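A single chain comes next, written as structure tokens; it is the form predicted alone.
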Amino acid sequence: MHLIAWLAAFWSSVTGVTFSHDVAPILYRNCASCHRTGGVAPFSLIAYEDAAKRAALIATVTAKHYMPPWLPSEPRFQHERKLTIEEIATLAKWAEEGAPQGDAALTPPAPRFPEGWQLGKPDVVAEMRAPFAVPADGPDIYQCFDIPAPEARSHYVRAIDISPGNPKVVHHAILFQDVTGTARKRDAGSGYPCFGTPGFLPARGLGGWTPGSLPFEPPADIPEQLDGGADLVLQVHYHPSGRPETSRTRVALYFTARKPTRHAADIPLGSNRIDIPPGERTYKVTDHFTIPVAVDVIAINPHAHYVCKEMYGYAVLPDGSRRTLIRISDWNFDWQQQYVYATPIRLPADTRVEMEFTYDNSEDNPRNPNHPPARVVWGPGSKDEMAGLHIEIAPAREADAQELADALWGKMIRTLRVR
């Protein structure tokens, strides 16, 4: 054990664990971004009184690694929410000892969060034209909403933040821009059904929202371009909550005068060949793509539903060595998000990126929505399944951007033909 951690453990064993000295720093650092007034979590953990009455719950969910919600075991990403073994033990001991407060004067200052948007005042705020009514029950809904062009001239976007409106029913949201006018024609005012793509090409993604996610900020040299006159299109996945609800999602855009020196691209690995028999514990799907030029891997976004168990994305370098891009050993549909690498990963030309998703459709999978297990096939509903791994990259040399784009277009055409 590291000396500092050992001394902390020794001190706690002598003095006892208190909120002010031991627990507040853990909660403020790892939990407060969601568990605060105005956050997406159902209760706050900032004040001692709020945390103390939930001490047993905190100890239980952290011991099971259900909270804080962080799925990847490797590699390293930005804004990781992971507790150490010592921190989990501290929370357990605090609960066992009756959740003492300690000296309130020693409590560290509570974290401060900006009111409204997390990054401060945006340059532009856009929102759905009207609230969307989500029924009390029934199948999941994938709905696209056209937001008329917020800007007449083009801008470079340094950050995007999305407010879901009603996180009780919004499972996730993805933001696109449409230069074709297709979405505007299809949306009569309350959106239009869409699953998979938003119904137009090219479909340029700008960012997304999942519970607990932070604003999307691309690297400073790769700002996103918002075309003048382009509509914004929100693709929202709604999950009925058991009671009628309404939701109206908003988008905040932050502009920059800095022009990009490189342009990002998306490698869409995935499979729709999913047909999982009931009881099958290790059903696997795979996909791959060979990158023709050297690239930097910036972020990665995995997606599946309830019976997915394990996710593995990796790169096979030209020399045959393997580099892990993401590994999740216990997938949780409720906590999916995009992960941005702590440091971009450089991959040489002719690297092959691969994905392997494993599904457990047995009774032993606690997240299986069917009891007894039933056949599960590819589809849009939460009880159906999907397999997607989006790898965001940028060519190491901007001169290689066209070759990369041509190769990715070829992969997309081949995928559409298979379907």
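Remember, it's a predicted structure, so these values are computed and weren't measured experimentally. Basically, rigid core = biggest C-alpha set you can superpose within 1.5 Å across the two forms. Residues carry their position along the shown sequence, with the first being 1.
Omitted here: the form predicted in complex with a small molecule. The next part is about that form.
- In plain terms, the part of the chain that comes close to the small molecule in the predicted bound form, with a heavy atom within 4.5 Å, is 25-33 out of 368-376, 353-361, 25-33, 386-394.
- This chain is drawn without the small molecule; in the predicted bound form, the residue among Phe289, Trp335, Phe200, Phe216 with a heavy atom within 4.5 Å of it is Trp335.
- When contacts are defined as a non-hydrogen atom within 4.5 Å, all of Ala41, Pro69 and Arg81 contact the small molecule in the predicted bound form.
- The closest heavy atom approach of Pro211 to the small molecule in the predicted bound form falls within 4.5 Å.
- The small molecule in the predicted bound form comes within 4.5 Å of a heavy atom belonging to Val61.
- Under a 4.5 angstroms non-hydrogen atom cutoff, the small molecule in the predicted bound form has Leu57 among its neighbouring residues.
- A movement of the C-alpha atom of Thr60 reaching 2 angstroms or beyond is seen between this form and the one not shown when the two forms are aligned on their rigid core.
- Taking 2 Å as the criterion, Thr84 counts as shifted between this form and the one not shown: its C-alpha moves by at least this amount when the rigid core is aligned.
- Once the cores line up, the CA of Glu363 ends up less than 2 angstroms apart between this form and the one not shown.
- Whereas the shown form places them at one spacing, the Cα atoms of Arg81 and Val170 lie at least 3 Å closer in the predicted bound form.
- Relative to what is shown, Gly212 and Asn332 are farther apart in the predicted bound form; their C-alpha atoms differ in spacing by at least 3 Å.
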